[in-house]
Each structure stands twice: as C-alpha cells, then as structure tokens.
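Next comes just one chain, in structure tokens: the form predicted alone.
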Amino acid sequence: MGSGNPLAAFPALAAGLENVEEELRASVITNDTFLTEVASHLILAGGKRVRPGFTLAASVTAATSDTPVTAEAVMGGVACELVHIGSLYHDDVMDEAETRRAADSVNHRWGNLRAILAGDFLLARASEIAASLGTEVAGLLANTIARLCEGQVRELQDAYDIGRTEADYLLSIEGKTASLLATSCRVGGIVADLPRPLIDTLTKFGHSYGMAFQVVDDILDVTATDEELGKPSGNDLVEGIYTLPVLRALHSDLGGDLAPLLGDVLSSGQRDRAREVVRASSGPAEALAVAERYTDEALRSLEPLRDTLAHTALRAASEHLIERVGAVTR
C-alpha cells in the first residue's frame, strides 16, 4: 500500500487500498516479461495512491460506518491510478528525469522509446478497465486523459516565459492535475450509483483538492530537498516551468534579482541561486495561501456529506495536504 496516505487510517479504506495494490500489479502482467517489468516499475516503487484512495472514499459516501468497499470501486481506483502512472512515464521523458519515487525513472533505465510505449500501455490498460465499469466511466476517463494532455501542452507552450500569467498557470494545473483528482472522486460516486447531486459534490471536492495539491507540489519543488521529494528538487526551474511560487516571487521585492536568472536553460549553480531567491521571497508563503484557499473550498464542498465516512476521510486528506508543505517551509 502507498505510504503517507491519510485515508489508510480508516480500516475499510486501508483494506481497499491493499486490494488496489494487488490489482495494480495484476493489471500490468502480460505474456511479455520485459513489458511487464517496465510497466510494473513505478507501481512497485510505491506511492501515496491518493487518486484510488479518493475513488474508494467517494464510493462509500452513503455509509456512516466503516463499510467495506466494492470490487467496482477498487477497479475504478486502479484505472485512475494507471492513468496517473502512465502520465508520469511520459512526464519523465519530457523532463529527462533520472529518478522518480527515489528509484530510477523508466526512461533513465530503459530509454525514452520504451518509457513512452510503456506509458501508452498503462493508459490502454486504464481504458480497458474503465470500459468494464460502464460507458459513463469509460467516456469520463477518456475525456480526462485528453485534459491531462491539454494541461501539459499548455505548460510546455509557456516554458521559459517569465511573462507567464497566473491565469495561464491555473489553467494548466487544472488540466494536468485537478481533472484526474476530480475524476477519481466522480468514478467512485458513479460506481456506487450515488445520487447525481452527491456525485457533483464529490467532483467539486476533487477539483478543488487537485488545485491545492498541485500548488503544494510546486511549492515543495522550490523549498524541499531531493530526499524529501524523492526526485530532484528545482527541476521545474531547470525545465523553464515557472510555477506559482516563482511567479509570485517575480512580482515581489526580489523580482529584480530573480528575473535575470530565468528565461533560459539554467546550470545547476543558477538553479540553486534561483531557488535561494524564491525561498527568500514572499512567493512560497503567498502560494501557500492560495493552496489554503483551494483547500478551504474543498472542505466547504464536503459540508453536504457531513456525518459520513467520506466526509471524515476526505477532510483528513485535505488537512494533511497543508501540513505536508508546512512541515517543509516552517
């Protein structure tokens, strides 16, 4: 089971996450042992399993006690996690990353071509599982994969642009991160056959949480260590991806020190200097305030679910998110 997932504190969800882990591993077994090895690489490296956790929690929204999750909810969670992992394979190729989750990235170990094909394989498996859960889930996941691509393309178009606007940034993370977290919640509601207003409530929560999640991730990229992240820190700066803490830093009193460092490929020394300036600026604190607003929005959306297991579990996940960045930035 993925470590660091606050949903694992709830027995039924913990058991469901164990089932997700088993099904994830089973879903990528093929007759080709090499493809199985490559496709399994990041699954075996672990992860928090936030997305399947949300699918499971959403599926038990109607329950007030620790009700066991269904097989359909488990497989819905597996489909969402396979989309996430497949996107990581592709992201690491674009970023030329060497590590992921404290292990070799797939592209670093086996090359870009194999990483791309394995990522495609994971997306295909996700689509196959989604189809087994019904046409609505299949269509929803297909649309989400398209939105992930749109968000990533928007980000690439803005690379090395110190004039990138905050609105452009928010549109990008809405596609590349928030859309899949919203879908993870929605899939849980659909497979549980919940009333449509409840499904929409869960979807809204997932979207707001997803926005906060990515802002927090971007803060950590400029404030945390390689060990804390499980991958190289400051990589967004190297790739010319100027995230919210950087954009806020550019508009702070230290913007004049930061701007000359950006706009082109950075050496490791320039990256370290840029991170120092961002950390010394008001950028991370201002970005954290934005993440907190999205988290508050997510929590408000849960009010109709009060006194349910889903409310308790998803609230715990939201509070954990802000605690995570606070532990690094304090």
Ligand code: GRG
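The shown structure was predicted, so the numbers you read here are calculated from the model rather than taken from an experiment. Don't overthink the numbering: it's just position in the shown sequence, from 1.
Only in words, not in the display: the form predicted in complex with the named molecule, which the text now covers.
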Requested in this report: Go through I129, V191, I145, A182 and name the one with a heavy atom inside 4.5 Å of the named molecule in the predicted complex.
Outcome: I145
Report summary line: The one residue among E174, D104, D91, D161 placing a heavy atom within 4.5 Å of the named molecule in the predicted complex is D91
**Report entry** G47: touches the named molecule in the predicted complex, heavy atom cutoff 4.5 angstroms
**Finding:** yes
Query - Interface membership of F213, the named molecule in the predicted complex, 4.5 Å heavy atom rule - result: yes
**Report entry** Interface membership of D217, the named molecule in the predicted complex, 4.5 Å heavy atom rule
**Finding:** yes
Query raised in the report: Does the 4.5 Å heavy atom contact test between L133 and the named molecule in the predicted complex come out positive?
Result: no
Query raised in the report: Taking the partner as it appears in the predicted complex, which of 246-254, 161-169, 78-86, 192-200 has residues with heavy atoms within 4.5 Å of the named molecule?
Result: 78-86
Query raised in the report: Is it true that R51, C149 and Q152 each have at least one non-hydrogen atom within 4.5 Å of the named molecule in the predicted complex?
Result: yes
